[in-house]
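One chain follows as structure tokens, the form predicted on its own.
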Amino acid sequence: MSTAAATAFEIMELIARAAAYLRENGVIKPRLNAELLLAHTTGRTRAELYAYPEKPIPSPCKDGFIAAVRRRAAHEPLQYITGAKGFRYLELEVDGRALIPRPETEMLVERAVQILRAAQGHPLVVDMGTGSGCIALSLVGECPAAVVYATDISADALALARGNARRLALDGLVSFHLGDLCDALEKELAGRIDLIVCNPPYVRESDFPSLPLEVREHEPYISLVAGPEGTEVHRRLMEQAPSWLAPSGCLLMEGGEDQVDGLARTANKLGYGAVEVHPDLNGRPRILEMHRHQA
């Protein structure tokens, strides 16, 4: 067997053995995970692994791959191992300091972008509970006229978001603030904010033990669980927001599919103007849009 053939066989064997090991440990899509981990540890793309299988894999890369596979077999999220997650047009660094961005949140951003692009001048927007910075950084990149603030109760999460802003050359375009919901904002912003966007924690305490291992054991509890009802953070922000929103301002929030309709009824009781529920890609209620009453 030629050296090239032996190397190609080695690459396929590494992927096959890793996939089998991951499958035995209950990892979903084990071969895809194995391919992505090998691509990550070698610095190649999946396509390159198959297109150039004769290219040798250095021993340090093999060692890194084996360590990464063991971490994945222990149900550490793939994104935390590779340290990256694509979100809309961005490639974000992610780790255990913040929640891994979900596809549902991309839809939240899509609606926010529509609102901001229809606004006049330089709309003021706040990403409440920014985490990795996925919402704020998407908005500042896609809506350059917007003035963007981002808050989080976690100093670690804010550090991650600031780091993502630097890596994406967006630092200086988002104003980051530490604090709990609207308490993080400068008093001068009261009554001036055009849009508040928030993907709050919305898991019920009783549902936490049934979450997948990847989520339950590795993602931050504070970013997942809101309380006994799962809507505690939503309701607090819905109560706080009117005094911070401009007369035509809007509050846009993500929620659980079994929560959003009830929250819409609460918004009507709180005196919000137009209240609208938007579905996710599966047609389930996911995004709640609430406009402050006109002054």
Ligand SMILES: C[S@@+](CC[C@H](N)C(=O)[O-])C[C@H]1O[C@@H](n2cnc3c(N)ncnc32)[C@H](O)[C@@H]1O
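Position 1 is the first residue in the sequence shown; the rest follow in order. Nothing here was measured: the structure is a model prediction, and the numbers come from that model.
Heads up, the form predicted in complex with this ligand isn't pictured, but that's what we're talking about next.
Partner proximity in the predicted bound form, defined as non-hydrogen atoms within 4.5 angstroms of this ligand, places exactly one of 163-171, 204-212, 115-123, 131-139 at the interface: 131-139.
This ligand is not drawn, but in the predicted bound form it has no heavy atom within 4.5 Å of Gly96. Within this chain, Arg236 lines the site of this ligand in the predicted bound form, having a heavy atom no more than 4.5 Å away. Taking non-hydrogen atoms only, Glu217 never approaches this ligand to within 4.5 angstroms in the predicted bound form. This ligand in the predicted bound form comes within 4.5 Å of a heavy atom belonging to Asp180. Checked against this ligand in the predicted bound form, the residues Ala150, Ala146, Ala157, Leu195 give one hit for a heavy atom within 4.5 Å, which is Ala157. Only one of Ala74, Met107, Ile222, Ala190 lies close to this ligand in the predicted bound form, with a heavy atom inside 4.5 Å, and it is Ile222.
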